[in-house]
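Starting off, we have a lone chain in the form predicted alone, written out as structure tokens.
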């Protein structure tokens, strides 16, 4: 069972803490949104979890392995990260070779089968001989997912990964991730409250600290809290507030579908 334990960590690049006294635990096939505005520390946090930055205060354990023990390789075998710019992650001029990079690096068995399966699942098998740079934006995102899928990580982190896609493209990618990694932990790093709606749990960061940790229904409907964190509330929450200011009394809601139903049933 995948697990992450972040224990009272702080981190600084030199002047003041970017991450300050952060603690949280997660386990199992959770869908977690790490939500925060620019500069809130969310990207730094996932780099610390993956051992890309040296941890000096506190501790982080992934599946029971501490980053302080120095066995970063074991931890990275369990984690796959898709960053915002897919072009920065391609390491080979041929897609199928790029997809094989992770399994080869970790000395995993059956590499050819892993590559075939992951490219088929992401709909890119017919493009396996192409240069990754020639793919469309959506195909590049799927190519990065294919490379991660080939290593079969227990934890996947999506760092603002689908920002270059339109809403339909983001919806397709979220569905693909949920389908492929249904038994894994998925952490979405985002500054969009609307993107966080589909999570099971929302961890809200502001100024390097966790200021809220709960269900989307709890965190994303707290208009004042989101405003203080520099996060725009979900569209449905903003519309509900605007309607209430005009005298309409609506129940708490989170999605556009809930808003439509509330308006339809309004008396």
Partner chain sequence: MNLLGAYTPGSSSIHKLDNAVRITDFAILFAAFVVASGFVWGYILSLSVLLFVFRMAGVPIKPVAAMFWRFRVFLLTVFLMNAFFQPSERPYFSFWIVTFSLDGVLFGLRMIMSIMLLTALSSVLTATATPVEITDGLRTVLHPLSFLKIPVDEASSIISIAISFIPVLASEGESIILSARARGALPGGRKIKDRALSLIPLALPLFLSAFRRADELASAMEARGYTGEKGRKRKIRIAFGRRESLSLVFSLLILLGAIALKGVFNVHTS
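It should be emphasised that the depicted structure is a prediction, and the values quoted were computed from it without experimental measurement. Positions refer to the first chain, counted from 1.
We do not show the form predicted in complex with its partner chain, though everything after this point is about it.
Which residue, 167, 107, 110, 183, has a heavy atom that falls within 4.5 Å of its partner chain in the predicted complex? In short, 107.
Can you tell me if residue 85 lies within 4.5 angstroms of its partner chain in the predicted complex, counting non-hydrogen atoms only? Yes, residue 85 is a contact residue.
Tell me, yes or no, whether residue 242 is in contact with its partner chain in the predicted complex, where a contact means a heavy atom of each within 4.5 Å. Answer no; every heavy atom of residue 242 is more than 4.5 Å from its partner chain in the predicted complex.
Wondering, does residue 89 line up within 4.5 Å of its partner chain in the predicted complex on heavy atoms? Looking in the predicted complex, residue contacts with its partner chain include residue 89, since a heavy atom lies within 4.5 Å.
Can you work out whether residue 160 and its partner chain are in contact in the predicted complex, taking contact to mean some heavy atom pair no more than 4.5 Å apart? No, residue 160 sits far enough from its partner chain in the predicted complex that none of its heavy atoms falls within 4.5 Å.
Could you tell me which of 128-136, 112-120, 193-201, 170-178 sits within 4.5 Å of its partner chain in the predicted complex, going by non-hydrogen atoms? Correct option: 128-136.
Its partner chain in the predicted complex - contacting residues of 49-74, heavy atom within 4.5 Å: Residues within 4.5 Å: 50, 52, 73.
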